[in-house]
Each structure stands twice: as C-alpha cells, then as structure tokens.
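Only one chain comes next, encoded as structure tokens, the form predicted on its own.
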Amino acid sequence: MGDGKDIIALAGNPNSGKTTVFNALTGARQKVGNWPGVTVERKEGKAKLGDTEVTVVDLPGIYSLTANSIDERIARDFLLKEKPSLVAVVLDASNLERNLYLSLQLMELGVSRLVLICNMMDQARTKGLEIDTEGLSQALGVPIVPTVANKGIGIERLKEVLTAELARKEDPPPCPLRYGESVEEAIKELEENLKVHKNLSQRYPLRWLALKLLEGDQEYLAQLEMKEGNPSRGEIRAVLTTLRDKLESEIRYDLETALVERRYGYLKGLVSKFARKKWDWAERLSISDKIDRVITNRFLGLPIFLLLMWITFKLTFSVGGPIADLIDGLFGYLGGHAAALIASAHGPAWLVSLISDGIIGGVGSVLVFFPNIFILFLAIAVLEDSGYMARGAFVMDRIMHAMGLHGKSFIPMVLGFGCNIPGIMATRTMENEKDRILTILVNPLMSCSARLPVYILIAGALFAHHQGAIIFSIYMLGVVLAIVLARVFKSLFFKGEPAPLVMELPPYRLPTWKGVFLLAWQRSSIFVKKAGTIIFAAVVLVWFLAHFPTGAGYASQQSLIGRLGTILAPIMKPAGFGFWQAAVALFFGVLAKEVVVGTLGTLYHTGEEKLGAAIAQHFTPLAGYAFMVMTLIYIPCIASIGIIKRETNSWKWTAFAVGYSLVLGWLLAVLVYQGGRLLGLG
C-alpha cells in the first residue's frame, strides 16, 4: 500500500465527532498550524495503517462544498488542489440526511477514494434508529464503517477499510444521483463547451464544474471570465445563460435551489429506506431536549452559565494550587543548585545572577502557573466536548443583541479566554465586515490565559481566602466592558442591526477524556512554548537592564530598569501602585502578559512563594485589584496587535485598539483605587 506518503483528508459536519475520530487515528502524534495564507487552524497527524504510516489532515468542519465561508473554501481547495489519497467523511448517524449531503457533493467532485464513517451509532440507537450500513454502502457504491469513536468501537475496522481502499486500483463508481432529463442534458451540453476552456477543464472534473456554474457559484463564474486558457469565454457564458434561463422557466424558480432540493430529495429517500425508526421519536422528548428546557431557559440560562464559569475558576485554583507549589519548589531548588554549582566552578557573580535570578527565577515564576492554565483549558474542553458551549452562545446571544453585538461574536470571545489571537482570528466566520471589526476591537478585553498568572499571583498574595471569586470578578469585568464598549462603538462607528444568530445545538455527550486531554494539552503547550521563547528573551532583557550599569545594585532604582520605572511610576501613582517595579512590569507586559510576572520575579529575584510575600509588602489589596484591572485592559500584547492589523488590514483600527485600551485601563484602575479609598476600602 502506497509509498508512505499517502494523505487521508478527514471531512465532516461540525459536531459529527470528527475530532474524536481524528484523535483515535492519530493519538498524540499531532501538530497544529495554520492553513497557508489564512489564520484558520490546521491539524494533521500520523496514523499507523498496517505496516505503513499515513498523514491524516483534519479539514475544517463544514456542511457543504459551496464556498460561502473560509472553512468551506479551505476544504474545497485542499480536495481539488492537493488531491489527497483518500477522503474519509465522518457522519453523525443520528442525523444522516443532513450529514450525507457533503458526501454526495464529494462523489460529484469525483474523489478517487471515499470512505464514510457512520459515527455515534449508539446515539442513533438511542433515538430508535436502525441503520443498514451495508445496504446504504451498496446503494452509494462506497464503503461505510459504523463506529462509536468516543468508545473506540469500530476504529480497528475503520483502519482495515482505509488500508484496503488505499490499495484499491479501480476507478470509483459514478455518483448515483441524477437530476432529471432536462438538467442532465444541460450538464452534458455545458461539459462539451467547457472542454475548450483549458484553464478550468484541466483543473476540475467537468461534471462538477458544469454543476457549479449552473448553480451560479461566484468563484467558478469569476474563473470562467479569465482570459488565460479561455479563447471562447464569451461563448461559454452565453451558453450558460441560455441553459439557466431555459431550466428556470421550466421549474419556475431559481436553479440553485432546485439542485439543492434534488440532492436532499434523493438523500431523504435513501435514508428512509436504510435507516428505520423502531418508534415515533417525534412524540418523545430526547434527553438533550429535556436538559435544554432548563439550561437554555430564559430565566435560568444566564445564572447557570455564570455558575459553571465560577466552578471552572474555583477548580482552577483549588486543584492547580498545590501542584503549582510543587513546581515552585522545584524551580527554587534548581535556582539555588545552579547558583552553587556555578560558584563552586568559580564562575563570575553576574553569571550566577543571570542563571538563578534571571533565567530560572524569571521563567520559573511564569511556568509555575502551568497547572492552573492546563486545568482551565481542561474545564473549557469538557464544556465544549459535552455540547454545553454552544448553549452558552445561545444564552449569551440575547445579551449581545441587546448591546448591539452579533450573536456569532460569542464564540471568538470565548476563544479569547484561552488566547486573544485565535479569538480575533475566529471573527473570519462572520459575514458582515462591520460586525467583524467591532468584535475584533473588544476581543482583547477577554482575559486570556497569559493574564491568568498575574491574577493568580496578586489574588494569592492579597486575597488568599477569596482568590477564586476575585479572579472570577476580573473575568466578568472584561465581559461587561466588552459588551458596553461594543454598544458604544456600534453607535459611533457601526450603525445598523446585527443579523440573528443561527446555529446548531449538538446533542449532549459524555466527553472523551482522551480528546479532552489532547485539546487541553495542545492549548496549554502554547504557553510553554512562549515561556521558552518570548518570555525567556524578555526576562533576560529585564535581567540585563536590572544588572547594569556596573556598580548599581542589582534591580535597584539606580539600574537601567530602575531609571525607566522611575520615569513611569508617577503615571501609575493615582492607581495605587506608583512604585517603579510595577510600572516596569506593565511596560514589559506589552511583549506578552506573562512577562509581568516574569519581570516581577526577576526584579525581586525570588520564586513564586516569596514573590507573593514581596507583592503583599508593596501592594494594598485595593491597589492589587486596581493592578489586575489595569492588566486586564491596557494594550494588547505585541502578537495580538499584529493580528489586529492583519485581520482589519487597517493601521487606523489597530492604533484605535491600542489607544482606547491604554486610556481605558488607566482610567478604570484609577477609578477603582480612588473610588475604593472614598468608600474606606483602601
């Protein structure tokens, strides 16, 4: 089978269990990047099929190959241009009719090897469905493998079928769907005319191309007008117009709708024949429906959402805290041991300081928070995998519409809790450019994982018995600010009503722990990589500035970094933290928000436990809370600024995002501190 370079493209609808199948095939042998030229995440991994290793590419979850969204365009371009060895489509067995639509389009596309994975068979049985996968396979002419991927059922059989299909030499059977005599004649006539258009006919299957043109697909129509390789584009366009007008006069409505309805009509008949119900499920409420009556209730939905978010943060600190203490002890030991080792080798004092105070102390003071971040991502992954996160979007949609935000803004904002960069990237799913820019502007107000170490440090030092509630309040402040500012920006720059949110609510499922842990690790590992690159470079720079000029005490006010902080400190004084160390930490936090903690660790040349004691000496609880507010709001990190520029393609909006966040961060920090003092809290 193959030469070890076979590529399997994994396709399917959102919520079909595609990621679970991908994880089952590839395990931990995965890598995550971006698709070329766009900011959509690309996942691929290695799978062992018999004695051969193949590459599995996880395509974005899509419903069809009509390229209305960037995800659909990515999937279609990959299938047409990269020509994978095999395409495996994951189907939700409990919703076959809709899921098979993509498979039917792939057959029309002329995919050389196609395997259908009828996943979640257990849920289909729960709904009273009996699916004859063998009969369905014979009717379509493609292999179908029943699976319950989250339990590992059918995965070995799937591997056997994939192996056999990759070794198959015969051409695939033609797509069994026919559109009726008039449409079929039009397709054949258009195919004949398209043969002279070398630029298109050599790149796409002729039947697929004819169908796309008859449907009025704008991307293919634009290619039809290209001069290169198209000596008779005007003639083809004239033939196409004549054929479309003729067919639409016969059916009395638009041709695109007629073709879509014909596909669904074919699938409806197919599914009714091979997927029989043992009872009339329409008369019964599913478990998901019963749960949704409470979870998405108009009055209970929001309190439940907030309660789950609070539990998430409570677990983050209750479970992650003891592990973080162990890691802190390890870095403390490493720092002391390294210093003793270098000193015993008669190394210079500056090298001892660089290794123990700068590198180990600075990076270690950030990495100590990895357990908390991993647990946060783990909890979010559980909410996603269980099907609840979509309900969160549904619940929050009402609030967002009231404030002028598009319902789809919720998903980028939730992603912003992990990292603002993918959150900003996720706005590409929004059709309206104004809604998209509006969401980008407020997304940095979501507390990303990079800010979490700062919150944990301050809250642990100053609010030890209430740190979960304190940090939860900071996260909620970001959400409230985003909504309020979205309303303000909407009225100033983006007038008009946002479109309603239309999205599928997947059934509730038990999370697969393998998939949840893999997702949490992939997201958390970004934090570790930043510690090894950006944070490492930043703390070394901070150490250098704290160590020079020669003769000034290490990290003293007379050092280079002390002088910088002395200039900035008066600006921060009205907010309650007018000492130079805090000012410098915020200054370098623009590189990456984790650097705030790394800078403080380097300046106080201490580990996380002693750093907390140093914080308690310099900050009052009120000043500490104001510092967290400032950290939440002021200037996005350098990487986020770059992504804002890339996604808006505008220096104006980028400068506005930086400017308003800096001013707002300072104003609110001052307001919190001065207002608290007036109330007798300072």
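Numbering starts at 1 and runs along the sequence shown. On a predicted model such as this, the values are computed, not experimentally measured, just so you know.
Keep in mind that the form predicted together with guanosine-5'-diphosphate is missing from the display, and what follows is about it.
For the residues E134, D77, D122, E256, the 4.5 Å heavy atom test against guanosine-5'-diphosphate in the predicted complex is passed only by D122. Among A461, L267, V148, A390, the residue placing a heavy atom within 4.5 Å of guanosine-5'-diphosphate in the predicted complex is V148. Residues with any non-hydrogen atom within 4.5 angstroms of guanosine-5'-diphosphate in the predicted complex fall in just one of 112-120, 267-275, 326-334, 562-570: 112-120. Although the partner is absent from this view, R509 contacts guanosine-5'-diphosphate in the predicted complex, with a non-hydrogen atom inside 4.5 angstroms. Interface residue remark: D385 is counted as part of the site for guanosine-5'-diphosphate in the predicted complex, having a heavy atom within 4.5 Å. Among residues of the shown chain, P14 is one whose heavy atoms approach guanosine-5'-diphosphate to within 4.5 Å in the predicted complex.
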